[in-house]
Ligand code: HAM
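The chain below stands alone and is given in structure tokens; this is the form predicted on its own.
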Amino acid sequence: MALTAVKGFNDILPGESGRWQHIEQTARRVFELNGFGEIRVPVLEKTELFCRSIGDTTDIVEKEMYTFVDKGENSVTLRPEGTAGVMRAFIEHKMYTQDPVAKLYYLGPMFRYERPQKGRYRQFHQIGAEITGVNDPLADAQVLNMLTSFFREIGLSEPTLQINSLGCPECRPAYRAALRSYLDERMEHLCEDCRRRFATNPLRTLDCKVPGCVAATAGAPSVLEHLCSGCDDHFASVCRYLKISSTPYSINARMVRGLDYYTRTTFEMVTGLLGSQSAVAAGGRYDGLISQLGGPAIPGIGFAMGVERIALLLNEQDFTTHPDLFIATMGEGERDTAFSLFDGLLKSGIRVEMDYEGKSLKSQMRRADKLKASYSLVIGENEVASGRATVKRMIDGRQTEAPLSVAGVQSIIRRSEG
């Protein structure tokens, strides 16, 4: 039997990896422009970290985590999301003693045991960013502006930004009570999961995609009508700053997040181009998470983006790297000269390919076309003897004679780039 990848764990092949590199490079550029620094944390953490941060009653903890007991009899989990691990590192290394205001970003794989489907896999990849130490809605606005800038820089007009507020520990209990009262009269229309969530996490019913639950919660009370004055002012300020920044957004009062640690501002970047997987980025404020994990009472806000889903939105674009030059040889005797030029051009920063197998000139030129090389150069006995060669621009066949040297060939390619 042929060996294949584990279900839901995908290979990223060279034709697709260029798209991923473009996403990652754009994120690094935009995030670092905004003052964020990269943090790298392990993919394996103590299970307790996610139970305490995400919440015991969430689908992630109850159904989706890859948890096992290691050889030291420790319960460990492959990280299902990035924020908890970043905050664990923030606390463990006492980063708050240097400056409670930290701007951090991360890239890497996450793991959840879900039913694989387009844009959702058991090993998936996220790019995320976090700001700690700031309560002010200015921080919320910067995070949202940065996220919007990322999608603009990457060349996508979709997705669009939706925002909401989930309130805080002061005002959320009254809203939960109002929502429970509303749902209590409609229990027979709720799915099994939502009936189970009714007592522990009724807000999750608003996020359920089962048609009966969608219909049953259509007239549910709005969280925005139950905010305390502090949360109401905070959300109004976030909206005001987004308007000052000319950042387009819409308010979605039904938006809730699947993680228990979120408070106040929550948001998603949503598209209609991926079917049911509409959110390609999401996040919010988590002012109690750091203290909940044993650190000081420091607020935070952040988000994560799904790389697979963003790559799907970029599916029509080609980010494959093509060689600047392909070197072909007429025969075996010219291969030493060709390899010397090949090596020198690589060292000078020119992307160059050549024939490795001594194939016919016709086969070599077919390969140059297949690789979509910008230029080609053929080396035969005459070129070696004269020390000059013809560089051909592949797109239109234009030919330029140049010295058969690194500097000579490089000058033609660099001149074209300029």
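Please read these numbers as outputs of a predicted model, since none were measured by experiment. So that there is no doubt, residue numbering starts at 1 and follows the sequence shown.
Separately, the form predicted together with this ligand exists; it is not shown, and the next lines address it.
Student: Residue-level question: is T83 within 4.5 Å of this ligand in the model of the complex, judged on heavy atoms?
Tutor: Flag for T83 set to yes.
Student: At the 4.5 Å heavy atom threshold, is L144 in contact with this ligand in the model of the complex?
Tutor: Although this ligand is absent here, L144 would stay clear of it in the model of the complex, with no heavy atoms inside 4.5 Å.
Student: Is there a heavy atom of A279 lying 4.5 Å or less from a heavy atom of this ligand in the model of the complex?
Tutor: Yes.
Student: So in the model of the complex, does any heavy atom of E130 sit within 4.5 Å of this ligand?
Tutor: Answer yes; at least one heavy atom of E130 falls within 4.5 Å of this ligand in the model of the complex.
Student: Can you say which of 302-310, 67-75, 219-227, 181-189 gets within 4.5 Å of this ligand in the model of the complex, counting heavy atoms only?
Tutor: The contacting stretch here is 302-310.
Student: This ligand isn't shown here, but in the model of the complex which of F90, F150, F342, Y262 has a heavy atom within 4.5 Å of it?
Tutor: Of the listed residues, the single hit is Y262.
Student: Within 4.5 Å, heavy atoms only, which of R335, R176, R120, R195 is in contact with this ligand in the model of the complex?
Tutor: Contact check passes for R120.
Student: Using a 4.5 Å cut-off on any heavy atom, which residues of 198-213 would contact this ligand in the model of the complex?
Tutor: Heavy-atom contacts within 4.5 Å come from no residue here.
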